[in-house]
Structure formats: structure tokens, C-alpha cells
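The form predicted alone is given below as one chain in C-alpha cells.
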Amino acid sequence: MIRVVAVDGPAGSGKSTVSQAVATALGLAVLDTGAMYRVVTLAALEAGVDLDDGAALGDLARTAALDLDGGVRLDGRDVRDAIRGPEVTAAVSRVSAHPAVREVLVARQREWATTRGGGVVEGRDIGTVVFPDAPLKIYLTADEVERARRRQRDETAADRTADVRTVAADLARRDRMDATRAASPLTAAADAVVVDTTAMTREEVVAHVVELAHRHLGPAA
């Protein structure tokens, strides 16, 4: 059995922060699948690829020199900041809705976990599509106001100006697109443990997920 902790949830629910901390506590590698879709989106924007052309975007996802080991690189250059910019953020849900893109990246995500014997994998369809047999599935959520506040703090920390109302509107737009897309919509797996992080500290969420992992994961090989 591959020792995968699948972490899903909407933007601002704490997926990335929690996944990193849980992976460290468990001694596992971590994969941010959202970053993969953002890298493909950045590559498409830079190449002038039509964001409604699913076939072309699928080809781009297949050929892009995407590397998430120890950073986020596209064609050998660090794009950690570039993929979090407003243009990519505005376009990523549109790009990730294409089945051709998801098919390519899901295959890459499964290969990543298989070669490592597991890991903490975060995204929006990990427990439902990518690893439906994962021994532990977590669905993180929080109320809309708290998620907007968290994302606004992230934007401020990255020197990107954004007010809470603008961020909240963007999160609502992305939630609608991600939850209603035909390919792999955002939803909690039937057997996922739903964790509402609204009133929880980061440390409380991490401790809870680590405790669940110890109960659900098999021993390391």
C-alpha cells in the first residue's frame, strides 16, 4: 500500500501550510499539485497559448519541464513567485478545468508518489480522483471570511496588495469554478475526514492530522 495522505480543500483552507508541517512530522515528501497547475498556466500565458484550447494545453502540460523537487521550476528557472502572481491566479482555474491537462498532471502525480512509496499530496481532487484508495483522506475547510483573511495575509506577506473584499470575491469565483467543473470537481471524498479549521490554530490542525496519520497509515517499508 502506498502511504499517501491526501489533503483536499478550497483555497485559503490551510492546505499548503498544514501539508508541509504534516509531511515534516511524518518524514514524508510533500507535493503541492496546485503548483503544478499554476506552472502549466504560467507556461501557457508566456507562450500565448489559448486558455480555451484544451488539446494545446494538454500538450503543453506533457512537454513542460516542470520540477517541484526542492522548489518550483519551469525550464530550470525558479518560478515560485511568478506562479502566485495575479495573472496566474486569475487563469489557473480555467486551465485546470481542461480534462487533457488533468489527465497529464494526474499521471505525473501518481508517478511522483509511487517512486517515493507515498507522501503528503495536496490539491482539490486527490482523495476523489488521484488517490481514491489513499489510506487517509483529509478535507480541510474554513468559513469564507476566515479563508479570505488568510489569503489576504499571504498576499500582504508577498508584497502583493489586496483587500479582503477583493480576495473574498476571487475566492468565491474560484470556488464556483472548481466545484462545478466537469473534470474532477472540488468535493470531499465520501470517506474523507472533514476538518473545519476556522477556529483552529495551525498547530492544532497539524497535530490532529498527524494523529490521524499514525492511526491510518501502514508502517514505513
Ligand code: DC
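A quick note: this is a predicted structure, and the numbers were derived from the prediction, not measured. When you see a residue number, it is the position in the sequence shown, counting from 1.
We do not show the form predicted in complex with 2'-deoxycytidine-5'-monophosphate (DC), though everything after this point is about it.
Name the residue from Ala134, Ala148, Val92, Leu140 that puts a heavy atom within 4.5 Å of 2'-deoxycytidine-5'-monophosphate (DC) in the predicted complex.
The residue from Ala134, Ala148, Val92, Leu140 that makes the contact is Val92.
Considering only heavy atoms, tell me if Gly34 and 2'-deoxycytidine-5'-monophosphate (DC) come within 4.5 Å of each other in the predicted complex.
Yes, Gly34 sits close enough to 2'-deoxycytidine-5'-monophosphate (DC) in the predicted complex that at least one of its heavy atoms falls within 4.5 Å.
Classify Arg84 as contacting or not contacting 2'-deoxycytidine-5'-monophosphate (DC) in the predicted complex by the rule of any non-hydrogen atom within 4.5 angstroms, answering yes or no.
Taking the distances in the predicted complex, the answer for Arg84 is yes, it comes within 4.5 Å of 2'-deoxycytidine-5'-monophosphate (DC).
Heavy atom to heavy atom, is Val120 within 4.5 Å of 2'-deoxycytidine-5'-monophosphate (DC) in the predicted complex?
Although 2'-deoxycytidine-5'-monophosphate (DC) is absent here, Val120 would stay clear of it in the predicted complex, with no heavy atoms inside 4.5 Å.
With 2'-deoxycytidine-5'-monophosphate (DC) left out here, work out from 110 to 118, 67 to 75, 96 to 104, 140 to 148 which stretch has heavy atoms within 4.5 Å of it in the predicted complex.
Of the options, only 96 to 104 has residues within 4.5 Å of the partner.
Out of 107 to 137, which residues reach within 4.5 Å of 2'-deoxycytidine-5'-monophosphate (DC) in the predicted complex, heavy atoms considered?
If the 4.5 Å heavy-atom criterion is applied to 2'-deoxycytidine-5'-monophosphate (DC) in the predicted complex, 107 to 137 yields Gly123, Arg124, Asp125, Ile126.
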